[in-house]
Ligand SMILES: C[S@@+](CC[C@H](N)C(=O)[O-])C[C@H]1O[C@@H](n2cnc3c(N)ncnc32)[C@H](O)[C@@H]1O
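Here you get one chain, nothing else, as structure tokens; it is the form predicted alone.
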């Protein structure tokens, strides 16, 4: 579509108006569940300036007209959502969850489901640190405790940008610092050129993780067979209560009886009617 030439003539110093902010924040909330209060207006303006340049727009008025009056959302939504999502992630973040996974959850799951491949889901995987941490932990567990069993990890996110980074599995060296030395030797490849300050997750580990785009606001989660383990950590904090109820209910529907749900340490399920019981700090089991 030809872009409005009048919009091109305006200065990039143009500011995001309250009217346009309200339009954008409502769309972002309706589409992704992410709350965008008025105090985020400056942040949103800064992040969307890249989209103005990418689309050839020189004003927020032109950009918003393109989105909401000229069907620009059909092609721009993915990029708009990529621009506003927060993607904080670390390897072995909240490590007590992984201790519980190895010591309690996995042995229990193997007893309950002795003949199945273990299916796990990182439902807000960001750039991949969480699912690759899960893969390291599961690979170590099965190698020593159940070598005849197998596992697979589904990793999803709303942002296509972070999914592309996750699939590559390449990280700055400092981001891999939390990985224990023994696991680094097994599962992380160092560059041939020591001057390159980045490393890559091994092909063996990457083969155990499948990446896909998924919006937790959708009415159905197309994840295939039900899961034994679901991680949904540090994403609920961006949602209001109705959205949290929506997401948690759908996650529970994707969890096998006896399966485990892990949420972030700063998150809670208090006040929600869900078919789960708490078994540890921010760890729940499907009834």
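Since the model is a prediction, treat every value here as computed from it, not as a measurement. Positions refer to the first chain, counted from 1.
Separately, the form predicted together with this ligand exists; it is not shown, and the next lines address it.
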* Asked: Among 118-126, 166-174, 68-76, 146-154, which stretch has residues whose heavy atoms lie within 4.5 Å of this ligand in the predicted complex?
  -> 118-126
* To do: Although this ligand is absent from this view, report whether residue 108 comes within 4.5 Å of it in the predicted complex, heavy atoms only.
  => no
* To do: Report whether the minimum heavy atom distance between residue 85 and this ligand in the predicted complex is within 4.5 Å.
  => yes
* Is there a heavy atom of residue 139 lying 4.5 Å or less from a heavy atom of this ligand in the predicted complex? -> no
* Residue contact check: residue 202 to this ligand in the predicted complex, 4.5 Å heavy atom -> no
* May I ask you to choose, among 255, 44, 248, 34, the residue with a heavy atom within 4.5 Å of this ligand in the predicted complex? => 34
* Contact residue in the predicted complex, chosen from 214, 101, 188, 209 - any heavy atom within 4.5 Å of this ligand -> 214
* Asked: Thinking of 24, 57 and 61 as one candidate spot, does this ligand come within 4.5 Å of a heavy atom in every one of them in the predicted complex?
  -> no
* Structure fact -> Taking this ligand in the predicted complex and a 4.5 Å non-hydrogen atom cutoff, the residues of 234-248 making contact are 234, 235, 238, 239
